[in-house]
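So this first bit is one chain, no partners, the form predicted alone, shown in structure tokens.
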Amino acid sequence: MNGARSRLRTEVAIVGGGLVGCSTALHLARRRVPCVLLEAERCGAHASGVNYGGVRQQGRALAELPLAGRARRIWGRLERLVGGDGEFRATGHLRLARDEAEAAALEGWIREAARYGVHGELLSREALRARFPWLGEGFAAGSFSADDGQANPRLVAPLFARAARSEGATILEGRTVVAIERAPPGFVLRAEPELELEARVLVNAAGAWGTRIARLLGEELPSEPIAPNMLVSEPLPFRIEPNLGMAGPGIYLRQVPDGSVIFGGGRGTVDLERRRCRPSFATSLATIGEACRVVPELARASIIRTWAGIEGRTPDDLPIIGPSPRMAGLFHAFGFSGHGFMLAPAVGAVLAELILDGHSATSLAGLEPARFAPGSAAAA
């Protein structure tokens, strides 16, 4: 090993400075556990900082709901936890069905989600028009979850990073992990420029690069890079209170207090090796067309910016969270497939419990890395 390298030793090393990594660092530091977070660029530079900003339980896979419920409680006390509210507002989430099949799916989800303490209100075609007169025609039904909302992703990861530092965590930005060795009882990480870090426990929270970090230790956990495509309009008179989504594939849309409408759908292009992505012009045009059908008055608005973010998507569209099935001391938390912003504060809390206590009261059933172990149904 290069003798010129800086050498550090800690209890827990965290790879990735997105919201998951920063939340993990904060929850460990609050329990006075030494930890070092390594981020290749700046905290929140990719998916955590440039996503849509939805904070919803509604419409999630049932396996995510225990984690989502805990996350919602954290969002409700964000200012006490990190010193700022991240512009979180419980505006509600409206999910729209375009036909009877999607309406039936909404009704079924409401019934199943109630078992997890998540409640939705089914709205008929007529109730939708009466309650939300700015909606376009043609929706068969909707469901409304009053407890859901939205936040500003540009603020939240930096708030968690700042709070983690104030509690004693070490966060090193501009450090790219290039090698990891198993060195019982822990790990040795080498990062550029010129850093060597020894740790007893390793957390892989590397987002779209999570599969690459896992492979450095011989673990095959599948994800592919995606670039969710988003746009924002000029300010309009404020009318759209809830965060909107579709019961099936389609756009998502929310209006912020200054009147700008943020919406997205489809994918841009991504170059994972260069850590760069671009929005797609064709995707943006299609998204604008659909947005105008959902909220017709958007047709008179100017688009002032388009962008994309780099995220990792798993084959089953569910995140990979929990201990490695084959390597003690290694934990994974990546592959959030474009819907991890809301979950991330709770993911850090659960990881800290798994690391320090060996268990968590919040179920990760259906999300653990073991589902992709050779021979499992998901790996087949």
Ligand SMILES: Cc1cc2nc3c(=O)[nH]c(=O)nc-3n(C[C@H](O)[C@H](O)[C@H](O)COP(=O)(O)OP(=O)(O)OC[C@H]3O[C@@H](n4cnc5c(N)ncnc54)[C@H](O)[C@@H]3O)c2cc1C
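A residue's number is simply how far along the shown sequence it sits, counting from 1. Note that the structure is a prediction, hence the values are computed from the model and not measured.
Beyond the structure shown, there is the form predicted in complex with the ligand, which is absent from this document and is the topic of what follows.
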Worksheet item: Given that the ligand is left out here, which of P228, G245, G120, P242 has a heavy atom within 4.5 Å of it in the predicted complex?
Response: P228
Worksheet item: Quick one: of L354, V33, A61, V50, which gets a non-hydrogen atom within 4.5 angstroms of the ligand in the predicted complex?
Response: V50
Discussion item. If contact means a heavy atom within 4.5 Å, which one of 320-328, 25-33, 65-73, 41-49 is the stretch that engages the ligand in the predicted complex?
Written reply: 41-49
Item to complete: Mark R175 yes when one of its heavy atoms lies within 4.5 Å of a heavy atom of the ligand in the predicted complex, and no otherwise.
Response: yes
Worksheet item: Might H339 be said to contact the ligand in the predicted complex, defining contact as any heavy atom within 4.5 Å?
Response: yes
Discussion item. I'd like to know whether A205 contacts the ligand in the predicted complex, with contact meaning heavy atoms within 4.5 angstroms.
Written reply: yes
Discussion item. Is it the case that R154, even though its partner is missing from this view, gets within 4.5 Å of the ligand in the predicted complex, heavy atoms only?
Written reply: no
